[in-house]
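Next up: a single chain in structure tokens, the form predicted on its own.
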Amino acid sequence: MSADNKKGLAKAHEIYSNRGKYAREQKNQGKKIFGYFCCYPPIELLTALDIIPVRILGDMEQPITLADNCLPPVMCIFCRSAFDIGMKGQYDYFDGFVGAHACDGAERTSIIWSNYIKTPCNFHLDIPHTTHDAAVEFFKEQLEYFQKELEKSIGREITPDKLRSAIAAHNHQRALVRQIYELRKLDPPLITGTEMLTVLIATMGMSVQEGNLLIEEVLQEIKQRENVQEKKSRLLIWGSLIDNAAFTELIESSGLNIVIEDTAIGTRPYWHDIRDTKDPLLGIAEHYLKEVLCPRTFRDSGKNYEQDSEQRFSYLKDFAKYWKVDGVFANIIRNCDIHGYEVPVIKDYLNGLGIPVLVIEQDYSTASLESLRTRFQAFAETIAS
């Protein structure tokens, strides 16, 4: 049965499992498909031109065989995996590619991508790493250039009304995702972490309008549920992204309920709306620089270590309290420097709040997942006692 004949969670799982197939079906209907790397390219500009933005992911089930000819093996293994499957033609349906300096690995991958994969249109956004006024202004100018290049590529203009409409549609999606997170406050939550992952990845491969309809179906479905999980210790995931349901299934089958994720496929793209500004590009620039809370961005520090930690990570304290978290899993993909460098401070801060933290640096491979089961089981037993 095709995704078109399914609804809600079943449709989300079908699209999650066949992202390439679904995107090609959309392309065959005459739609433009642009791939984007990480959560920093402002997809509102793509939506304003009726382009479907597809989030570029790696593949934990495939060995890396081609990427190492172009990217060093000491680099982030997720970036290398995404580039590897791109080299193998699995993203050959892209009409365009949008990369960004989310981190050094993403920047290098974006530049190498445009040289080797030869997507018809290629864009790279040099995103500042601070939130100062000058950085916001610089990023806004980058977005003005990006808009002009997109318009030239597609042959249509983005009017202010179209851009505001696109922003409104994506803000609606953010609000819908936050509604699902509200339902995960229940104990046990009405939707598993694995189901949540499939819904978010599915929406990252379709137009925002279709994505909103899908999330509305999911909300209606899960609100009518009785409990689908048993009560277990409640887990917050922080760190590198998780983009394979086998990982979340392993965690949840080890005695834990995932209730919230502070990751790039989790709260980060959805937790704040883009505010309405006279110049829509200013609102977009401020949102992506200031409100997407990724450690790749340096923010103003406090007067001392304690104040700095509180200023940078108090939102995690709020998450832990609001979702009644029993423990935190700090997920680090091997060679993900921006998250790896944060681990000592994050762990110290959360431990100071009485919240246990499990840190695992994993190899971004389903073949190595089973070896982690005993660590999750031991952590679940520890925080349950």
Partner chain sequence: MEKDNSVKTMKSAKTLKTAREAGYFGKKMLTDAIKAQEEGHPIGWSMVSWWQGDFIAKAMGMHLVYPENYGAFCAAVRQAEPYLEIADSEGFPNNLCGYARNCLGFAKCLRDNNYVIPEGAPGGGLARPVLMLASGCACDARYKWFQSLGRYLNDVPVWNLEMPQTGVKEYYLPGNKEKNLRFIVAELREFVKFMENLLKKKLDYDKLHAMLDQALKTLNLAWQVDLLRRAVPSPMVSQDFWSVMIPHFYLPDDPEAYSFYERVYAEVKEKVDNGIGAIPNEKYRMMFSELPPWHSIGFFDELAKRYGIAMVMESWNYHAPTPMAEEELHGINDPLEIIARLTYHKWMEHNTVAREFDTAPGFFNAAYLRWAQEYKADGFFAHPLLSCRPATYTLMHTRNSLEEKLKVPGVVVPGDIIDLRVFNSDEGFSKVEAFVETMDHYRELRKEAGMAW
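Positions refer to the first chain, counted from 1. Because the structure is predicted, anything quoted here is derived from the model rather than measured.
The form predicted in complex with the partner chain is left out here; the points below concern that form.
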* Asked: Would 68, 71 and 304 all count as contacting the partner chain in the model of the complex, using a 4.5 Å heavy atom cut-off?
  -> yes
* Structure fact -> As a check of understanding, the residue in 286, 104, 216, 249 with any heavy atom within 4.5 Å of the partner chain in the model of the complex should be identified as 104
* **Of 312, 234, 184, 170, the one that lies within 4.5 Å of the partner chain in the model of the complex (heavy atoms)** => 312
* Which of these stretches, 270 to 278, 205 to 213, 128 to 136, 175 to 183, has heavy atoms within 4.5 Å of the partner chain in the model of the complex? -> 128 to 136
* Contact test in the model of the complex: residue 230 vs the partner chain, heavy atoms, 4.5 Å -> no
* Asked: With the partner left out of view, is residue 112 within 4.5 angstroms of the partner chain in the model of the complex by any non-hydrogen atom?
  -> yes
* Evaluate residue 116 for contact with the partner chain in the model of the complex, applying a 4.5 angstroms cut-off between non-hydrogen atoms, and reply yes or no. => yes
* To do: May I ask you to check whether residue 340 falls inside a 4.5 Å heavy atom distance of the partner chain in the model of the complex?
  => yes
